[in-house]
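As structure tokens, one chain now follows by itself in the form predicted alone.
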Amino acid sequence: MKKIFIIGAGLSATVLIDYLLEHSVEYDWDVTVGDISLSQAQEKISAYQQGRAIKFDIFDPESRASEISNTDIVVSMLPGAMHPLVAQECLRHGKHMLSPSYVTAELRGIDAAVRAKGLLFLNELGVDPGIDHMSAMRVIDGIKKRGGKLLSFKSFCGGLVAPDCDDNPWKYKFSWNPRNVVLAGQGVARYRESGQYRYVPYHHLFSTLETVEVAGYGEFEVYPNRDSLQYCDLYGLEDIPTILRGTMRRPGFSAAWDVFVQLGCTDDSYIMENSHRLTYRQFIQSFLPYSADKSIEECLADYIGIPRHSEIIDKISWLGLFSAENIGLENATPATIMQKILVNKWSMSVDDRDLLVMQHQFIFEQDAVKKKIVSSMTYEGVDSVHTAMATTVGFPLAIATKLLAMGKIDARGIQLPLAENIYEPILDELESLGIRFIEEECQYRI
């Protein structure tokens, strides 16, 4: 019997837990779910007699050592910052570990020690990162096997709201961590285009857009992710002339969001004085030049340089930012205040369903002919629990856990799912579960 310990029973863990418990009898697994909230862990396993729920605090040394030492495989669904703590405990007790989060420099630093103990710490197994890696590598490896030379790779992903639940002017609702959405893109975006390195500072990010079309869902706009260049080495594309990764939103979102960026409303570096006494209206006024004879709407439109009667002003008004409602947050940064405002307006309702969209674009040369492959995936959530985000994070992680438990993954050390013997079986099973990419190939003409 293999013992599997899942740490974290939040929303994104729902599909993972269901999959492992549904297969636990068939594969003779003992599955334990641990969470800081015992009731939340119990709720996640309530439909399965064979599951075990425990209260688990990763910062409790005794509990951490006891539970991790008594398992075979640890699946960490904790926030990324906590994974090194889990990893150190797994290393200490000789246990395999899987997670959906990015590999950090701290994790890479223990690679030799993990290999020396014959362990696998397999990371970036969610959707982005995760499915993006695997689906891209399948096409990249396929092109190379055909003798093709890659000239351009672009990869876009977005967590949005399903079209029939799209009932606000922003055409957006939170399907993942709201704080990450508010802070997205801060810093400098780096990518390569036709052999030229491109750098886009934060204040230009949401005006540096591409437009893409996805069958059945129409048009999306894309802004660049922070660092596309790291994927050159990761995917074996060191000499590729063009490489770009970006985030997908519905048309019009970026222009309106850029207003908050230009004002400084997404800054998280300082506390606003008497923030608990501010109204939403005063919050916006704090960033605008003083005017005794203009309305706040007029001040904002003139300062940004947009028409006073425009879709952008309508979007901002819909959020309630011109209202006299009190914010009520003490010692808050601008970003924290924005997060509260947006959570009130962009949260998914019980009846809402989310949408996950991903598209890869490849241009390559084969036999002196340039060709293009567009690989697209869309997936809509079932309900507010079995969301598209939870499903596309949970399934690849669960399948990888199964493969490891069955002895079908022999890689060791700190790894990502980039090898064919890892990504092929995961992508094949994902297709059987309804998560599939549609590929279109054509001759490329500029």
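No experiment lies behind these values; they were computed from the predicted model shown. Each residue number is its position in the shown sequence, starting from 1.
Beyond what is shown, the protein has a form predicted together with a further copy of the same chain; the following relates to that form.
Query raised in the report: Would you say all of Leu21, Ser39 and Val212 touch a further copy of the same chain in the predicted bound form, counting a heavy atom within 4.5 Å as a touch?
Result: Not a single listed residue reaches a further copy of the same chain in the predicted bound form, so no.
Query raised in the report: Among 71-79, 160-168, 281-289, 314-322, which stretch has residues whose heavy atoms lie within 4.5 Å of a further copy of the same chain in the predicted bound form?
Result: Partner-contacting stretch among the options: 281-289.
Query raised in the report: Pick from Ser349, Ser310, Asn326, Gln196: which has a non-hydrogen atom within 4.5 Å of a further copy of the same chain in the predicted bound form?
Result: Partner contact (heavy atom, 4.5 Å) among the options: Gln196.
Query raised in the report: Looking at Val369, Val343, Val188, Ala113, which is the one with a non-hydrogen atom within 4.5 Å of a further copy of the same chain in the predicted bound form?
Result: None of the others qualify; the residue that does is Val188.
Query raised in the report: Closest heavy atom of Arg108 to a further copy of the same chain in the predicted bound form, within 4.5 Å or not?
Result: Flag for Arg108 set to no.
Report task. Tell me, yes or no, whether Tyr303 is in contact with a further copy of the same chain in the predicted bound form, where a contact means a heavy atom of each within 4.5 Å. Result -> So Tyr303 counts as contacting a further copy of the same chain.
Query raised in the report: Does a further copy of the same chain get within 4.5 angstroms of any non-hydrogen atom of Pro201 in the predicted bound form?
Result: Because a heavy atom of Pro201 falls inside 4.5 Å of a further copy of the same chain in the predicted bound form, the answer is yes.
Query raised in the report: Is Asp267 close to a further copy of the same chain in the predicted bound form, meaning a heavy atom pair under 4.5 Å apart or at it?
Result: Asp267: contacts a further copy of the same chain in the predicted bound form.
Requested in this report: Note that a further copy of the same chain is not shown here; using its position in the predicted bound form, name the residues of 258-281 with a heavy atom within 4.5 Å of it, in sequence order.
Outcome: Result: Val261, Gln262, Leu263, Gly264, Asp267, Tyr270, Ile271, Met272, Glu273, Asn274.
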